[in-house]
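Below: one protein chain in two forms, given as structure tokens, structure 1 then structure 2.
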Structure 1
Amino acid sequence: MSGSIWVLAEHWRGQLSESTYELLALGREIADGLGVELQAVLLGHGAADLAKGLGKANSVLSVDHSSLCEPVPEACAAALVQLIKERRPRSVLVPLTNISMGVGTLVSTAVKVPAANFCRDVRVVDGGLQATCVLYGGKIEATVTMGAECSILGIWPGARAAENGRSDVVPPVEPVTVSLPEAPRVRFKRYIEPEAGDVDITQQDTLVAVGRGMQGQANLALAEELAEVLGGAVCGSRPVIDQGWLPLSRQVGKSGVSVKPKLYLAAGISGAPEHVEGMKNAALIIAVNTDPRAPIFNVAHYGILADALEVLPALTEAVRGKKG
């Protein structure tokens, strides 16, 4: 349908991603606000059954092609470009994850339509779309107003609750065809995954997460002691893993793993969106940082404006005293 809102249905190893449901929830709000339909676009090969989980949309456009068997951005973008030129939707919502990152930019360039990335919110204002975008790791927030023409919006994870995008309704599915090269320039080769470590941080109820604010690998002992008395484990942000302080299996964030512990204590972590993506669903988030403007405080339930090297030992002693 011309003028409808589209959501790119992201899937990974046979399952729809949480970001897909988040975008469906957001897309439903936008479509209802504009008085148009919401359509999900499902690109893949042998993945048509996943359309059953897209019931929040009014309908699903399903593309099946061998070049779409893996989430290669160039192939996905080429398919979307053809669909957009044929049907001209009002706006296309694309997840900004390590699976779909780059798709929206390629599409907007090819179709020559405006695009806004790093959107944490999109609302209908005076019949138009207004996107709130975060830049420079969350240090700058920009408001972008899109025109009435077709636009591409890259949405950060967490824009809406995934549960609000789920539905038991099975939507109608329209199979559509596209023309794609059988041998694209960019090909998927293999998955590279971290080896299984001694601790599965996705199964921990308590996590003490460390960042560059810990100042050195030797200071990780402070986090290990606190994690031990709390009955949890230590994890870290990407800079910590890149410096070899912790193994890749302990990395939380977009390029690591997503965790949902009962307690997440972030020590010396600034809170860039890439990290927040992996821990935003923790039941209780406590942040310790010396920078009062650190983005981590925006998602934390409690914040401690202090040096983590001083706070962690104090917390460890307090917990020990409480237990004793």
Structure 2
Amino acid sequence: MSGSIWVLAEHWRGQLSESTYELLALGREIADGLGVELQAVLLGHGAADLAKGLGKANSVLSVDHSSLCEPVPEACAAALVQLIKERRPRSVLVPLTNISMGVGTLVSTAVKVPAANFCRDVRVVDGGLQATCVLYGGKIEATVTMGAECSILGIWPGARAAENGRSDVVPPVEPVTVSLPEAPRVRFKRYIEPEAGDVDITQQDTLVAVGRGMQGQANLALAEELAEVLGGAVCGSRPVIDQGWLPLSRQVGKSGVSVKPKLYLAAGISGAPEHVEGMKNAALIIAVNTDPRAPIFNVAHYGILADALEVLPALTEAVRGKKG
């Protein structure tokens, strides 16, 4: 249907991603607000069965092509571009995850339509779309208007609750054919699984998470000591992993893992959206940071405006005292 809202149904290793359901929930709101249909676009190879999980949409456009076997951004974008040119949707919602990150930008550039990135919300205002976009590590939000023409919206994980995008309804599926290059310029070779043997932070009840505010690898001993007395483990945010202070298996967030411990103590972590995505569902979040406007305080239950290097040793001592 022309003018409908589309959601790119992201899937990986045989499963629809949580982001897909989040986007379906958001897309449903937008489509209902505009009085148009919501369509999911399923790109893959041998993945057509996943369409039955997309019942929040009115219908599914299903593309099966050998080049779409693994999520190669160029191939996904090329397929989407062909569909958009043929059918002119009102707007396309694309997840901003490691799987689909560049797809939205590639598509908007090829089709020559506006794109808004880092959207945490999209609303229908006077028949047009307005998006709220998270900039500068969550310190600034920009409200942008997309007008009435076709647009591509890159949606941050967490824009809506995933459960609101699930449905038991099996949607009608329309198989669609696209033409993709016989010899792609980017070719998937193999997956590299995480190294076994390290602590599985998804199984820990207590996590002491460290960020750039720890100032140096040597200071991670303070977090290790606290984790030990609490019976937990140490994990970290992206910059800590990139600096080589902790292995990739300890990374929480967009590229790492999502955790739901009983206690998540964030030490020197600013709370960029990419990190919050992976820890926001912890039962108890305590954050220590010197910046009163650090976004981590917006998701934490308790906050301490202080230097983590001073608070961690004091807390270790207090926990030891409490345990006797």
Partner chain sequence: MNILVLLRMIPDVVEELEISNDGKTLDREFLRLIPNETDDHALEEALLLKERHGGKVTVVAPDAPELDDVLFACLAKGADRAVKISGVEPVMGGRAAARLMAQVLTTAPGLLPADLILTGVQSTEDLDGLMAPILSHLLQLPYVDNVTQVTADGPGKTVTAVKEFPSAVRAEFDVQLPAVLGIQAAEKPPRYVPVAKVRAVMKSQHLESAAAPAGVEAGQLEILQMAKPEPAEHAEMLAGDPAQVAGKICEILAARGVL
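Every residue number counts along structure 1's sequence, beginning with 1. Take the two forms, find the largest set of C-alpha atoms that superpose within 1.5 Å, and that set is the rigid core. Source: prediction; values computed, not measured.
Fill in: Identity of the form predicted in complex with its partner chain, given as 1 or 2
The chain shown as structure 2 is the form predicted in complex with its partner chain.
Discussion item. After a rigid core superposition, would you say the CA of residue 316 moves by 2 angstroms or more between the two structures, or not?
Written reply: After core superposition, the C-alpha of residue 316 moves 2 Å or more between the two structures.
Worksheet item: Aligning on the rigid core, do we see the C-alpha of residue 172 shift 2 angstroms or more between the two structures?
Response: Result for residue 172: no, shift under 2 Å.
Discussion item. Does residue 117 move appreciably between the two structures, meaning a CA displacement of 2 Å or more on the superposed rigid core?
Written reply: Residue 117: C-alpha displaced by less than 2 Å between the two structures.
Worksheet item: How many angstrom apart are the two C-alpha positions of residue 218 between the two structures, if you fit on the rigid core?
Response: Core-aligned C-alpha shift comes out at 2.9 Å.
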